[in-house]
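Take a look at this single chain, the form predicted alone, given in structure tokens.
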Amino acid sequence: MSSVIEIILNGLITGSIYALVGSGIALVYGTTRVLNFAHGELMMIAGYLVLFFAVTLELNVALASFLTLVLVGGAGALIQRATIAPLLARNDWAFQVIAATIGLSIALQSAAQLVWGEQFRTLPYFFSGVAVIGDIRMPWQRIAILVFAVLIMSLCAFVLYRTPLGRMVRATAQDAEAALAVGIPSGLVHTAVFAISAVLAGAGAILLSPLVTVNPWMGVAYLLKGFAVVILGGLGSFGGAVAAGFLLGMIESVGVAFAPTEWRDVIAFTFLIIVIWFRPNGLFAGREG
């Protein structure tokens, strides 16, 4: 029984990171129809920033995390204004935006190698100790990932569905020109969405960095999982991406309980292929109001 609970907990913890990354990609795509291939590099930048603030400057973890989220959110807004917005004004911008974000992804990886080198770096646990409940032992750091990820996504959902900014985002997502005609600044809404998406990626990096290494390529694997989550949840669906993230984490956790860990990605993407074979629009497409 305890091993079943551990499998479920591990699945939820892994899934919460996938949900954070995937929901950011889905939010941008749902609002602007842009697939941001540099999303993983925003995660990488956040990893290095929290490393700098928490380890190099020895700031309090909460302050280091806050500064990291502010800066990575600003980076997301800057990318949108400097790279995406000018391209969206052109005809046939879809391929140009894809090429631009792929180029930006490669450029950011190369810049990270120049600035921070190719060494793999680690952060100490933000929360030490192990929670023991009966036969179940789980590091507090892993439990904190699940708790904070759920809180952050709940806050984001509140902003989207219960605030004026959220209403402007949803109106722009439905029809940007009509939204502009009634006085909603669609361009600024696009910038805000990129900033929120970057903050979600940054939060994932902060929560995950004590468990993995920070390196110039750390965002690549999570970008692929993020795209898988977006496809599973239904393109552009924030709620669908969150649900799909947890589902994918559970599928992986159950899979590696019966197969070698190296099969984790094989299991995840086999499941993705099976799903899109039967439901090409994703599991939760059209269920978001």
Partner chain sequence: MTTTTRKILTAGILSAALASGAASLASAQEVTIGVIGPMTGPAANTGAAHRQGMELAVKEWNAGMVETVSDTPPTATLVFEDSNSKPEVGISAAQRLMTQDSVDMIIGDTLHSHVTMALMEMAPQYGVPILSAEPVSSAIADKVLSDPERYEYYWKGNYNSDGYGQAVHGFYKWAFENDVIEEGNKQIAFVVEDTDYGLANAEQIGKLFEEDGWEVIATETTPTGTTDFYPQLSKLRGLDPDVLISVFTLANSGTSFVRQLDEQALEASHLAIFYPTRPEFMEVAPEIADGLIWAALQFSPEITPAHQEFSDRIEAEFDTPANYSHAHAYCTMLVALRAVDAAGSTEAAAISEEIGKTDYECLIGRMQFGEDHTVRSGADAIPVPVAQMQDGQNQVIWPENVATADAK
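Numbering follows the first chain given and starts at 1. All of these numbers come straight from a predicted model, not from anything done at the bench.
The same protein has a further form, the form predicted together with the partner chain, not shown here; the description that follows concerns it.
- Interface residue among T191, T122, Q96, T83 relative to the partner chain in the model of the complex, by the heavy atom within 4.5 Å criterion: T122.
- You can rule out all but one of 194-202, 112-120, 85-93, 160-168: in the model of the complex, only 112-120 has residues with a heavy atom within 4.5 Å of the partner chain.
- At least one heavy atom of M138 is located within 4.5 Å of the partner chain in the model of the complex.
- At a distance threshold of 4.5 angstroms between non-hydrogen atoms, E58 is out of contact with the partner chain in the model of the complex.
- In the model of the complex, at least one heavy atom of T213 sits within 4.5 Å of the partner chain.
- For V130, a non-hydrogen atom is located within 4.5 Å of the partner chain in the model of the complex, even though that partner is not displayed.
- Residues of 12-35 that come within 4.5 Å of the partner chain in the model of the complex, judged by any heavy atom, reduce to T14 alone.
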